[in-house]
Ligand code: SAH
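Only one chain is given next, in structure tokens, and it is the form predicted on its own.
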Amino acid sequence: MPAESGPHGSHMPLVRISRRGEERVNAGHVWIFGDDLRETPSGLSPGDWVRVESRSGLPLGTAMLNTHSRIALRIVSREVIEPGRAFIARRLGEARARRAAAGWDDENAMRLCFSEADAMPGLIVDRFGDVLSLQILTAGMERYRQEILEELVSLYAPRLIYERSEGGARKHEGMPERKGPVFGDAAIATSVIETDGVRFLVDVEKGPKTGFFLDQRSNRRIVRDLSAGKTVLDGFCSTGGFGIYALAGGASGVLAIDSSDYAIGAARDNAARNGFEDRWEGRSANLFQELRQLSASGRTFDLVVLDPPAFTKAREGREGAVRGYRDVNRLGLSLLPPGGLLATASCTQLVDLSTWKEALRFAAADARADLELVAVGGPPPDHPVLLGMPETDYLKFAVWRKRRR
């Protein structure tokens, strides 16, 4: 995180942390847990911004405090800074410049701000054409909600800002959920976006998360480029991203499966929007059960895509998540003939790369399959990854070829 310039917030309360917390900050992480708080003034409220020092008095920066959350401090700067409109403007401007430097300044669908990865913990902003979808997930960012809205309007002149501040993160921060239009024309909640020549209708009110999964874009390109002439199964298809990219790449047919009726309907509409309806089939079903039935029937595919949701969002569920990855990939492999391709992903930040690959190894052994690596993917430039914060490197993706034994 770069050093800040500008006024210093020396009037802010001072919090000191343990040696372990200091080492964590110096290693590049921005989360400090409650166990590492050592001196905290009384009377502070969730979302207060504080100065942070080591126990020996070494300045460590500025953070948002919430002692009701397991993550008690979230570092926003290595320097002591003054929170407010100027800070918000600077951070959002830096995020915009970061994407422009990656060649993404003209993209009509992209993540404009990615929480800790853009040094704005708990703030997520996605652009879908002239509609912005906003999430505020921390009490510290909630303090400056109005300034955030004003700056987004100034920077991007959207027709609509729709807020999707929902989910467990708000609960952990002690805040109620909030959903609905907060700026602009409340009558529009949809926008047609185009990525890599493929069009999708995004519904920021009813769609998944902020409306559409933008983080798989680079990986969808990989699938597209491997799909010519192939039959494809698009598992956990959501609103159709991987399957429709596969059809754009020349796939002969796609079977898309998701447990959500809404997702299947949206994916069907997106297939038609791109002129692919004659090669697309959708089923609303439990994917695990459907894969078993397809395998029992002897049906095979040239390419199986598995993009499961996060199997756990809590540390206590990691073992179950690993079992889920093992089971779903074993079932996916059972539908592939020798030479077939498995494109598989994980978005569970609590399961790291090595653990995920170990689950894939067990899945391959269970399926009596030998696999060779074809391609490795990851997040696009609008989802920055911080070396010192593994949680930002949550998205794993790889394509494997099933060899003849």
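The numbering used is simple: start at 1 and walk along the sequence shown. Everything numeric in this text was worked out from a predicted model, so none of it was measured.
Same protein, other form: the form predicted together with this ligand, not shown, and the subject of what follows.
- Contact with this ligand in the predicted bound form, judged by any heavy atom within 4.5 Å, is made by just one of Val304, Val76, Cys237, Met141: Cys237.
- This chain is displayed alone, yet in the predicted bound form one of Phe114, Phe276, Phe213, Phe87 has a heavy atom within 4.5 Å of this ligand; that residue is Phe213.
- None of 68-76, 258-266, 119-127, 331-339 except one has non-hydrogen atoms within 4.5 angstroms of this ligand in the predicted bound form; the exception is 258-266.
- Of the heavy atoms in Phe288, some are within 4.5 Å of this ligand in the predicted bound form.
- Looking at Gly317, you'd find every heavy atom of it more than 4.5 angstroms from this ligand in the predicted bound form.
- Within 4.5 Å of some heavy atom of this ligand in the predicted bound form lies at least one heavy atom of Pro309.
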